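Taking the form predicted on its own, here's one chain by itself in C-alpha cells.
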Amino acid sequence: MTEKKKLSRNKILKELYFQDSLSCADLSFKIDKSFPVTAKLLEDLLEHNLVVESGYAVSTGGRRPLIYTLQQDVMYLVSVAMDQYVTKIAIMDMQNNFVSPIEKIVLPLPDNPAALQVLIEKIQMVMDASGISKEKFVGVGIGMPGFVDVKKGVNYTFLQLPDNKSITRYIAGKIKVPVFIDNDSSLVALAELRFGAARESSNAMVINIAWGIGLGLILNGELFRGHEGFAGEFSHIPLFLNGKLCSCGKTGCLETETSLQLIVEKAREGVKAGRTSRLSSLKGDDLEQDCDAIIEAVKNGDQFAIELFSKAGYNIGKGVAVLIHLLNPKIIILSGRGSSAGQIWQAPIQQALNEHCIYRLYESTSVEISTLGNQAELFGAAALVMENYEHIPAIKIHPFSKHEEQVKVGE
C-alpha cells in the first residue's frame, strides 16, 4: 500500500472516530477524495474488519445511502488524565467506551523526580492487565498540567528530563507505542469540541475548574494553543490585590480566589472555626476526598458549601468578563472536576457578568455546564491520539540510547 493511500485510509478512520457514522459521500467530502476513490478505500477497510456497515442514512429524497462505523474492538486507545496529585489511566475502544475500570493513582507531580518512571510503569501495567495485544493499541494520549510544548513533547513544569529531552519519545521508547502529550485544560477543551457542548460552536471558551482554573480556547472551530502552546493560562490573570501568593510565584492571580484547592482550604478553616455544616467530617489530609465531599454537600444544599462555591463562582465570573471583552465567544463551558457541582456556578458567574461586562458583549454568550464532567480530560486525551492518527504510521519509535540517557530519571 502506498503512503498516499495509507494517509487517505487513516483519514477515513479518524473522521469516523469523531463523527461516529458517515456515508461514503460524507467521507469523500471530508477527506477531499472522489467518491469512487473513497468507496474503494472503504471496501479495503471493510475487508480488514476495521469498518462495518451500520445501516442507512435518513432519506433526502432519493435512495438512502449506506453509513459506516468503526469496528469497536480492533483498535484501542490508552488515555491518561493527570492533575497535580492524581492520575487516571483508561483504555478506550473506538466508540469511546471504557473497556476496563479506570485506574486511579495518587501521583503527586510537584517536587517528585520519580513521577515519570511511576507513570510509565502504571501505563504499562494497565496495558498488560487488559489482555489486549500491543499491536491493537493506536497510541497513548496524556493530559498533564504545566507548560506543555506539544511539538517538542516537553513539559517545562513537571516530568522534566535532563536538558528538556522529549518525554513523549522517552515514554514511547519504554512502552513501544506512540505517545502524545498536551496541557490538561487544552484536552478538556478538545473533548468539548469533539464530543461535548462546543461541538456546534466555532468560538467557545472552556474553563477547566480544577486545583487551578485552566482555560481551553476554541477559535474558528479549532483548538487554539498560541505561539508555543501555552495559551490559556487563565489561572494567572492578576485580578486581585489580596497579597496571596499563587503557585506561579506571583500574587493576586485568579487562582488565589477561585480554585478547588482554595475552596477545600476555606472549608477546612470554616469547620475548625465552628461553622455549622455537613462538612464537619472533612479529613484534612486528603485533598481529593475532601473536595468530593464539599461538592456532594453543595448538591445536598449545605449552606456553607454553597457559600464557598458562590464566592469562587463570582470571582471566576470576573475573569470570564475579561475573556468576553477580548474574544466575544458564543459559549462559555464550565468543565473539569469542579463542573460536577452543577448549576451552583451559573448564578454567581452571571452576577459577575452583570456587574463587570458590557451587556451588548455578553447578551448572546451562554454559560453552560459540561456534560462530560470529571471524565473530560480522559476523552480529550483519547481524542489527542486520533487527532494525530493519520500520521502515526510514519512515527518511528527510537528509545533513548545510553549516551542520551546520561542521567536517569528520578535520580
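Numbers for residues come from their place in the sequence shown, where the first is 1. Nothing here was measured: the structure is a model prediction, and the numbers come from that model.
FYI, the form predicted in complex with a further copy of the same chain isn't displayed, but the following is about it.
Enquirer: Just to confirm, with a 4.5 Å cut-off on non-hydrogen atoms, which of Val52, Ala57, Ala39, Ile358 contacts a further copy of the same chain in the predicted bound form?
Expert: The option sitting close enough to the partner is Ile358.
Enquirer: Could you work out which of Thr69, Ser28, Gln375, Gln346 is the residue within 4.5 angstroms of a further copy of the same chain in the predicted bound form, going by heavy atoms?
Expert: By the 4.5 Å heavy-atom cutoff, the listed residue in contact is Ser28.
Enquirer: If we define contact as a non-hydrogen atom of the residue within 4.5 angstroms of the partner, is Phe98 a contact of a further copy of the same chain in the predicted bound form?
Expert: Taking the distances in the predicted bound form, the answer for Phe98 is no, it never comes within 4.5 Å of a further copy of the same chain.
Enquirer: With the partner left out here, check for me: in the predicted bound form, does some heavy atom of Gln351 sit within 4.5 Å of a further copy of the same chain?
Expert: Result no; Gln351 lies far from a further copy of the same chain in the predicted bound form.
Enquirer: In the predicted bound form, is there a heavy atom of a further copy of the same chain that lies within 4.5 Å of any heavy atom of Asn328, even though the partner is absent here?
Expert: Yes, Asn328 sits close enough to a further copy of the same chain in the predicted bound form that at least one of its heavy atoms falls within 4.5 Å.
Enquirer: Just to confirm, Ser133 within 4.5 Å of a further copy of the same chain in the predicted bound form by heavy atoms?
Expert: Ser133 lies outside the contact set for a further copy of the same chain.
Enquirer: Just one of 44-52, 382-390, 338-346, 30-38 has residues with a heavy atom within 4.5 Å of a further copy of the same chain in the predicted bound form, so point it out.
Expert: Residues of 30-38 come within 4.5 Å of the partner.
Enquirer: May I ask you to list the residues of 247-285 that have any heavy atom within 4.5 angstroms of a further copy of the same chain in the predicted bound form, in sequence order?
Expert: Read in sequence order, the residues that approach a further copy of the same chain (within 4.5 Å, in the predicted bound form) are Cys248, Lys250.
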